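Shown next as structure tokens: one chain only, the form predicted on its own.
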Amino acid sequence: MINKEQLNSNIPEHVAIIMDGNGRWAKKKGFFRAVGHENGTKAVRETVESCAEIGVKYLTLYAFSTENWNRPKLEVDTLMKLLVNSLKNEIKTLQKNNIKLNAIGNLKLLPTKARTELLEVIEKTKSNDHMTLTLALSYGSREELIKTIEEISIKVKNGVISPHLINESVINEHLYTKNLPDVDLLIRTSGEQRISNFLLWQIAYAELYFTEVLWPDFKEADLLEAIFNYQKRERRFGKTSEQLS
């Protein structure tokens, strides 16, 4: 089992997590799926506090995808209620740890109560600067890229941007994540090994880490294991090992 003392100074600046396995966790224990989602919030709290403690500057959690709107209404309603309750309950944790809350996605699709609570917590924590916690809500990377292309196309049409000057920086400025650096480490729980329409542009050079642990069972030790694994890898960004040395 990895402990904090075994980590070196190469802490990933931006960690993103696909929190998968709440439903399967509940099913294995004979509970309704909602119980899995409720227990998943405990893993969120532990992960957020652990990341803040070890020096991760940006943590992005895939909380609700654009595809999740297609789930049964009861489950969607439960998830939205959990979001509101979690925001109310965790404001003290965010303030205590000097964490700023951020959100990305098509937020106008959220129920009014959830969106209002979200924006209130974002406002209350906007001056915190130890770590930025981003919730991806009603988020889909393809939808984000379509929005970005549309916005840039309008600016090109109106002569604001020359098509010959469109580069990575221009695209980054029109993404939901315009204030965030690229992802260094992407973690997915529950044994699934796919990206599921999450930060497709932003993970271009991210290290990917997959674990069999279901999200409600994801503990600090599992996070440290992922980061320890990350620290053993050589990130070349297209270069050779000889060039890096």
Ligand code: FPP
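One rule holds for the numbers: they count along the sequence shown, beginning at 1. Since the structure is predicted, the reported quantities are computational estimates derived from the model, not experimental observations.
What comes next is about the form predicted together with the named molecule, which is not displayed.
- Residues with any non-hydrogen atom within 4.5 angstroms of the named molecule in the model of the complex fall in just one of 141-149, 154-162, 169-177, 75-83: 75-83.
- When the named molecule is considered in the model of the complex, only one residue from V56, V213, A63, L185 comes within 4.5 Å through any heavy atom, namely A63.
- Of the heavy atoms in L223, none are within 4.5 Å of the named molecule in the model of the complex.
- The closest non-hydrogen atom of T41 lies within 4.5 Å of the named molecule in the model of the complex.
- Remark: R71 counts among the residues lining the named molecule in the model of the complex, judged by a heavy atom distance of 4.5 Å or less.
- In the model of the complex, R235 stays away from the named molecule, with no heavy atom inside 4.5 Å.
- Contacts between stretch 134-158 and the named molecule, counted in the model of the complex as any heavy atom lying within 4.5 Å, involve L135 alone.
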